[in-house]
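Shown below, as structure tokens, is a lone chain in the form predicted alone; questions about how it binds or moves come after it.
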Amino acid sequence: MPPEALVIGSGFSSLSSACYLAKAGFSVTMLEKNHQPGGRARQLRDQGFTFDIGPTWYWMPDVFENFFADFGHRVSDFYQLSRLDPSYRIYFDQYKYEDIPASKEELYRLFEKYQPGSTSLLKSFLKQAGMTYNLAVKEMAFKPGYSLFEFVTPQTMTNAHLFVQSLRRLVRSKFKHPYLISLLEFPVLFLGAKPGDTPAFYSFMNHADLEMGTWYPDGGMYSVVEGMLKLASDLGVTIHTDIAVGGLEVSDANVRNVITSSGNYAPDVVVSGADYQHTESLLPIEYRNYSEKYWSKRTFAPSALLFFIGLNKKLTTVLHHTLFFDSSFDNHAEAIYDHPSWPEQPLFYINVPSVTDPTVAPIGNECMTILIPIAPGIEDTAEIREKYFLDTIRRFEYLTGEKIIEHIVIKHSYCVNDFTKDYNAYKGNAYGLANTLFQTGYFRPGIRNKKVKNLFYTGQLTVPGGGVPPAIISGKIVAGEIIKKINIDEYAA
């Protein structure tokens, strides 16, 4: 009989690990507490409108291609991709916006418009960003993080200055116009840290943005989930929804019994893609890797206030992705990281996939998501949500000149309490740990339990970090470590 692996959760990291384990010969069962698989990348459908509840940006397409290639497939076997051009729009003030082009030549012209002579600076910046991308994604990202020395290589030593210098300092040493600075610091939002606290090494996100481009999988990001679910099923993975794990019983330094809402399981190995801190809470205290004090001292990436809105009109002032940077990034960041509280005038992001994909909304309508990054763990009430909804709609209407409030036909909100309830997310965080220097690589929570031999962790709170591509890589790392640890031939014998 093949060894049995139980995977908790069905997000990107869980699906990734399940596929690699199944390919290696494990009998894999996946348990998802919610009705719909996909983890944070679930989907909401209402009256002909289709929303991605979680991730909406498709960056780093090579990671997705490499994942499916490991199983003899291409991305196009499961979903169709199109590159967005422009990639996105940024509003800086009333009627004042810039579209970020996919073309390099047009990008150079955009930079020259605000900082004459900046083309050479941008070329050198992006050349270095490409180098760090190769170092980060093709080498460092696949390290299991057991030792700091895994990350000490000739390449990292040569670029050691990028780990001690901040991204903010790097950007501002080259570019002076606030619009250009905002454009180059914006990807930090995906890393969940302030530009001044993020190592310049993470400029590889600028390569992902400006060189590799912004893509869209037809039907939305849930098409990627469906593709991975199809692959997992083809590999023999058994997937159960509506089953919550309530406890992990340990004896002889192994998980011997997984207690669930629908009976118990006794697997040979357990992989948890659920929230790391929550998974630890399922163990007796003496078997946990980290204490509550440890988690309380971590710097978490933001949570989010989201609104899913259906409009009975078409919009003419936004693109598929539109960012609103009409207020202070620093003031907003201070409310998230320094003094956790609701921000006075937060930056916000709007996703309107129906601009690109007419299938996600009824004809003549628009499907719109508003996202406001906020501090995890702050108060979340219906009154607060409504206040920020109305404030954001007013700002949208002022900045774009387009009236929408009277055209809203459906509205749903999602915030801290929902992240906690649906995903057992620590403090209702949305993006895991912030990628500060001492929360990178070896300094992130470990992928294996130090006291329980057959318990492993995957996902945004461990290596390599938050985001969809890192989650897929995380699943591969964990599966690889398990495959090395467990000799399948012994079970076959």
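Note that residue numbering follows the sequence shown and begins at 1. The shown structure was predicted, so the numbers you read here are calculated from the model rather than taken from an experiment.
We do not show the form predicted in complex with a small molecule, though everything after this point is about it.
Of the candidate stretches 400-408, 181-189, 274-282, 310-318, only 274-282 has residues whose heavy atoms lie within 4.5 Å of the small molecule in the model of the complex. Residue 40 belongs to the set of residues with a heavy atom inside 4.5 Å of the small molecule in the model of the complex. Using a 4.5 Å cutoff between non-hydrogen atoms, residue 106 does not count as a contact of the small molecule in the model of the complex. Contact between residue 13 and the small molecule in the model of the complex is found at the 4.5 Å heavy atom cutoff. With a 4.5 Å cutoff on heavy atoms, residue 33 counts as touching the small molecule in the model of the complex. 422 is the sole member of 268, 422, 218, 139 with a non-hydrogen atom within 4.5 Å of the small molecule in the model of the complex. The partner is absent here, but in the model of the complex a heavy atom of 243, alone among 121, 102, 81, 243, sits within 4.5 Å of the small molecule.
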